[in-house]
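Only one chain is included here, represented as structure tokens and corresponding to the form predicted on its own.
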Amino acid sequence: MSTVLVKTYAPPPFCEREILRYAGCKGTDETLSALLQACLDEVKDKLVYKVCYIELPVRITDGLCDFSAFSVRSKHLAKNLRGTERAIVFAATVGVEIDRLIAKYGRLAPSKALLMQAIGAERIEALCDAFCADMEGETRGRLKPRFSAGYGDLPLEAQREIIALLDCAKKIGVCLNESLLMSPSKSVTAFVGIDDNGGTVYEANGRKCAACDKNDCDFRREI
């Protein structure tokens, strides 16, 4: 595969536990549950679930990851992709409406803005999980945990190559500003290695955290 493809997904099931984790809530009560439900009711019909992606060959040489179309130097990405000869490069977004709701409630109701931020984080992660599970079936390989610019020693500048290669602005409406931040904000770019020799099957719900050595992350799942 050498062309950029686009997938649009139905909304993945919401996980309220994950939303509360992203919001930093250790527990819940009736008031918080009611507020969360109100936020979910408001946001559920306003999101899109879009991914654009390409499959590329990958060659690893002393920390240089060569994808033919471009290359990046990162020992951590090289370790993540070890043993693979091909990889998926993708971008995903849930759209701009969640940003508008976050901005709106940042002025009117900070508690709702916090929950909207958390919903956006849970939604983009759920979309990426759905895409990776989908691609594992299509590629007939085992997928490595996805790896994004900003993880470990992979510089944020890698975003420029990904956004340009995938033509994200045209394909799914994702742009990159001068500070290397994406708009809409609830968007993700990532590399995913395809292990054709057998490996750990792609799993959501914590397996990415199990593969990560950043033990002090505030958003680390219990594993």
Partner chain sequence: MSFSDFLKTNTVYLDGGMGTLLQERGLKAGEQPERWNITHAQAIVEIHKAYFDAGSNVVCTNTFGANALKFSEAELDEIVKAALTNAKRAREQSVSPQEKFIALDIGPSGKLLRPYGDLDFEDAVSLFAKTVKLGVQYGAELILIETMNDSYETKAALLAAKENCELPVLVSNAYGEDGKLMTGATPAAMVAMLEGMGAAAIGANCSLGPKQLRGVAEELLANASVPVILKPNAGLPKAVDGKTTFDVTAEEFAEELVALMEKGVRLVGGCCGTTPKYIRTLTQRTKGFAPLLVTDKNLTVVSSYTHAVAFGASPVLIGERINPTGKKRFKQALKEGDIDYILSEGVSQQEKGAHILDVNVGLPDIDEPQTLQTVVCELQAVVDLPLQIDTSDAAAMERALRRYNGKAMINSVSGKKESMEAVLPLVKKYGGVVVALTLDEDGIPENAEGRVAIAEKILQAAARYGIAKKDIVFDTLAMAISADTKAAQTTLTALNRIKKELGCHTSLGVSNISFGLPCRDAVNATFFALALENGLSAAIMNPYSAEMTKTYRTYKALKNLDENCAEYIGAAASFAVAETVSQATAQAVQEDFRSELGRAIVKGFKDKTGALTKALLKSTPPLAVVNDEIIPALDRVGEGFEKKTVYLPQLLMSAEAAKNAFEEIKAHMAISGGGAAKKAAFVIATVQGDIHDIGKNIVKLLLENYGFDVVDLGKDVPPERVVEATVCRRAPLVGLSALMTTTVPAMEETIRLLRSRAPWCKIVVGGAVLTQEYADRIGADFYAKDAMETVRYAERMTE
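Just so it is clear, the structure is predicted and the values come from calculations on it, not from any experiment. Positions refer to the first chain, counted from 1.
We do not show the form predicted together with its partner chain, though everything after this point is about it.
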Would R107 count as a contact of its partner chain in the predicted complex, using a 4.5 angstroms cut-off between non-hydrogen atoms?
-> yes
S179 near its partner chain in the predicted complex, any heavy atom under 4.5 Å?
-> yes
Taking heavy atoms only, is R100 within 4.5 angstroms of its partner chain in the predicted complex?
-> yes
State yes or no: in the predicted complex, is some non-hydrogen atom of L156 no more than 4.5 angstroms from a non-hydrogen atom of its partner chain?
-> yes
Have a look at L115, L77, I88, A91 for me and say which one sits with a heavy atom within 4.5 Å of its partner chain in the predicted complex.
-> L115
Among C39, I172, V192, C65, which has at least one heavy atom within 4.5 Å of its partner chain in the predicted complex?
-> I172
